[in-house]
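Only one chain is shown below, in structure tokens, and it's the form predicted alone.
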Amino acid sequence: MFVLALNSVRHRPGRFVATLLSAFLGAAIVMTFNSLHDTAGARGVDEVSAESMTTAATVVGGYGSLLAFFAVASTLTVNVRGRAEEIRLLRSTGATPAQITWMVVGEAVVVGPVGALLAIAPSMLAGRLLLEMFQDSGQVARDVAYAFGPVALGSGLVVTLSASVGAAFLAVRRATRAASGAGRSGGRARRFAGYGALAAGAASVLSTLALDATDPMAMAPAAYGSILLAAGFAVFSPVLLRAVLGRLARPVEAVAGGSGHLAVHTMRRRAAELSGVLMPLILFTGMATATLYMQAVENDVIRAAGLTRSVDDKNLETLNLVVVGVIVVFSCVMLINSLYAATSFRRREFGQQRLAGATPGQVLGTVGCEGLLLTATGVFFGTVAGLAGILPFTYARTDGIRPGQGFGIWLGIVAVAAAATLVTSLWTARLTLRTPAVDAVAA
């Protein structure tokens, strides 16, 4: 089966581009920040500089590891679902679920490390720039030399390979069970994980009210609470999407006509598949909204009190901004990869619609309506998760409930989410429509 996997990657490399890109970016983030561990552990580094770098590497490296798994998992899941006919054919010719699983896992074992190896040089460059940023802000001494060593390289390879193999097992298990008509035994575990994330997120957010408002770590429980709530919403994204469609179906159909009706019908049918797209949307909106607004509130409080920001304050702000930057880049890549893969695999569907009388413009209109509905759903629940952390933190720090930054930050976040969703889906659909309808249906 490993030979079959190797041949599959060699002869059809196009289907693995999204997975390779996810592995590449995941390894790049992990290695960039874990190289700070190598730098902090070098001889002659003072204690303050080492602590600043170690804290950044631990916090953001942890986020990077989780995001790497989510990114590879989402793209592999969409990839495997798009190969449903191939998996059914293999099953009908006698292949066992275990053999199919090992074939897909073998593909992941080939693609994942390649992405990690390609990320080494960019990670070294990004690590140097990150060190310079810490030095410019005064958090790290100027005489500290950059080092890229075994911690960075080992963590990048281990995290990427583990994420690829783990995600492959999960994705192909669902696909083979669906191909054989088996029920979804993992649904109960998924619901349990979702409820657990929502409960832990709510508890973390509420604990903010019990902390000392002057505690420099008062932001942590509110931020983590928002992240957990966003993760919980992401788990239940198929259910949430169906609920939103139930509310918006008539308005969308009234405004967009036939394209809107087809978009709503298609999304109801593909709600489970679209969870791979909603997950990064909800996580991006929730985490970015919570972190940016809470950091803005903290900066306003420090300025209003006429205080000089300490090294800890600078470290916290740098971490928050870097975390948001990582989230923005990675979530957008997850979103783009998932949308690209999901739309590319709809070539046959688009061909059938065109043979039934739909024009390319109508097909693109349907895809655009789907993108708008996905954006609205992801932004709404991500915003709810973000507000759940922002409001108690603002109350704890200012005795008010509403932050004074207005809607500017939120509108910027929404613009990024909408642009990534619409541009990717429409561009990919346009490329797919270049194939003649008859050829697309016959493929």
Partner chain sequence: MFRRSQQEHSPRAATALRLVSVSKVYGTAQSAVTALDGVTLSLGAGTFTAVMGPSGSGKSTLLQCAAGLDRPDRGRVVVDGEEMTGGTEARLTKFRRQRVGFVFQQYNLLPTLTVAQNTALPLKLAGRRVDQERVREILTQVGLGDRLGHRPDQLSGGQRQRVAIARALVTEPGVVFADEPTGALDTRGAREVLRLLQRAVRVHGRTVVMVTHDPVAASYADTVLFLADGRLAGHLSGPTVDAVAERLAHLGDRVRDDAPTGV
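Everything numeric in this text was worked out from a predicted model, so none of it was measured. Numbering follows the first chain given and starts at 1.
The following text describes the form predicted in complex with the partner chain, which does not appear among the structures shown.
Asker: Given that the partner is absent here, does L355 sit within 4.5 Å of the partner chain in the predicted complex, heavy atoms only?
Answerer: Residue-level check for L355: yes, a contact with the partner chain.
Asker: Whether G138 contacts the partner chain in the predicted complex should be assessed with a 4.5 Å heavy atom distance threshold; does it?
Answerer: No, G138 is distant from the partner.
Asker: Just to confirm, T359 within 4.5 Å of the partner chain in the predicted complex by heavy atoms?
Answerer: Looking in the predicted complex, residue contacts with the partner chain include T359, since a heavy atom lies within 4.5 Å.
Asker: Can G258 be called a contact residue for the partner chain in the predicted complex at 4.5 Å between heavy atoms?
Answerer: G258 belongs to the contact set for the partner chain.
Asker: Counting only non-hydrogen atoms and a 4.5 Å threshold, tell me whether D300, E317 and R402 all contact the partner chain in the predicted complex.
Answerer: Not one of the three qualifies.
Asker: Find the only residue in T101, S162, T266, S207 having a heavy atom within 4.5 Å of the partner chain in the predicted complex.
Answerer: Among T101, S162, T266, S207, a heavy atom within 4.5 Å of the partner chain in the predicted complex occurs only for T266.
Asker: Which of these residues, L262, L373, A341, L274, gets a heavy atom within 4.5 Å of the partner chain in the predicted complex?
Answerer: Exactly one listed residue reaches within 4.5 Å, namely L262.
Asker: Of 281-289, 105-113, 250-258, 219-227, which is the one stretch near the partner chain in the predicted complex, taking non-hydrogen atoms within 4.5 angstroms as near?
Answerer: So the stretch in question is 250-258.
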